[in-house]
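This document opens with one chain alone, in structure tokens, the form predicted on its own.
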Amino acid sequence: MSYILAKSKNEDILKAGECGGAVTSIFKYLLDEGIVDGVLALSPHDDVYDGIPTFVTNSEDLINTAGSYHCAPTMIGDLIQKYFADKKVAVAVKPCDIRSIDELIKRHKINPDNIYTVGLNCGGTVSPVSGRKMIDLFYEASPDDVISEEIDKGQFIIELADGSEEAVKIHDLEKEGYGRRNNCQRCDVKIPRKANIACGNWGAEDGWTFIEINDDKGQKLIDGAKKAGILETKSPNEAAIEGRAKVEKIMIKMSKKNQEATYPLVNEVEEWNRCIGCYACRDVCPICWCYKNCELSKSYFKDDIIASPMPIAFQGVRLSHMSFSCVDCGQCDDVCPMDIPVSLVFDKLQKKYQNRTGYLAGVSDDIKPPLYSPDKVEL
């Protein structure tokens, strides 16, 4: 592991990108050199609240993916294993994205040799609908005038079309029921160290990206982009390194407090009693890769066409899978029509499993999940 500061040498990227445009420049290098078939990133559809996954094959189009989109869903791992398993892909990943990718690699659904992962430090994501309402209520601005947003130093910061910025403390927003998604508030993995590199503005100088290089593949990414003349780097000073570590420590401390506040409040059986068995949580989960052949949605009794498990039994079986696999991305909460805090239940059990075994899904290296086998193949 080593640290650098980096910024783009491409003026257009430097202007459009976040904190120096290093991420977009690395993607451009990979595409221009033919190292990858495409880049999986996010681009705005209608506005900054509508970031959607985009597969870019022409480096000139990368400029449309520059910037941060804190309202975007987390479905990167699922997309790779479903649609890009046979391609060389570079991908921008938040911590929960790389955790899902790591779990799918363990399940032999993603070939790690085919992907380059560029991590993005993450303070959390915001629901697009409540995000617009939040800005309307707490900021002296119209949601339609926002051109970019950032979570930094405990504040949710928006930039307006006239170049001005407004900021409100995340704590104040969340006290009123706005701000980050609930799963993001309790997430204690803020830097995606399983990615080849982890990038962000924590500890960075203005106009630079702070990058943590996590493995040999990450080092080759940086060296290649520098050699191609698109990336400039320098070493951060000790104060920058310490500042970044301090930000991470503060955010993890906030997450632990949210865990302590929310875990005791959830009653699993009471919550699951509302389940209607629509399977939306299963279908959207990046770890439930076998949903197409899921035994839970099959009927085995000829005289009963609705013989699949009762909703609470369905949730119980999923819990036996997810208590050691959940990456707390929160997508199940987003799609549940009955407002069941599915990820909260799974995350609560995940932490119990972690306390007993030391294993944390998508993070742990030395400890393997139950029934893991490096030789397992799908028949």
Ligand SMILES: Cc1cc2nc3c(=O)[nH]c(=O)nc-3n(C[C@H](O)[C@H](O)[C@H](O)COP(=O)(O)OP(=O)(O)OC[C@H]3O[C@@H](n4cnc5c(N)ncnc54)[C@H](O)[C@@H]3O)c2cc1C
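None of these values were measured; they are calculated from a predicted model. The numbering used is simple: start at 1 and walk along the sequence shown.
Note that the form predicted in complex with this ligand isn't included here; everything after this is about it.
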item: Heavy atom contact within 4.5 Å of this ligand in the predicted complex, the stretch among 133-141, 260-268, 88-96, 235-243; value: 88-96
item: Contact of Cys199 with this ligand in the predicted complex (heavy atom, 4.5 Å); value: yes
item: Exercise: Gly67 in contact with this ligand in the predicted complex, heavy atom 4.5 Å; value: yes
item: Proximity of Thr125 to this ligand in the predicted complex, heavy atoms at 4.5 Å; value: yes
item: Contact of Gly20 with this ligand in the predicted complex (heavy atom, 4.5 Å); value: yes
item: Site test, Thr24, Leu42 and Ala72 vs this ligand in the predicted complex, non-hydrogen atom cutoff 4.5 Å; value: yes
item: Heavy atom within 4.5 Å of this ligand in the predicted complex - residue from Ile110, Leu120, Ile170, Ile213; value: Leu120
item: In the predicted complex, residues of 207-231 near this ligand [heavy atom within 4.5 Å]; value: Thr209
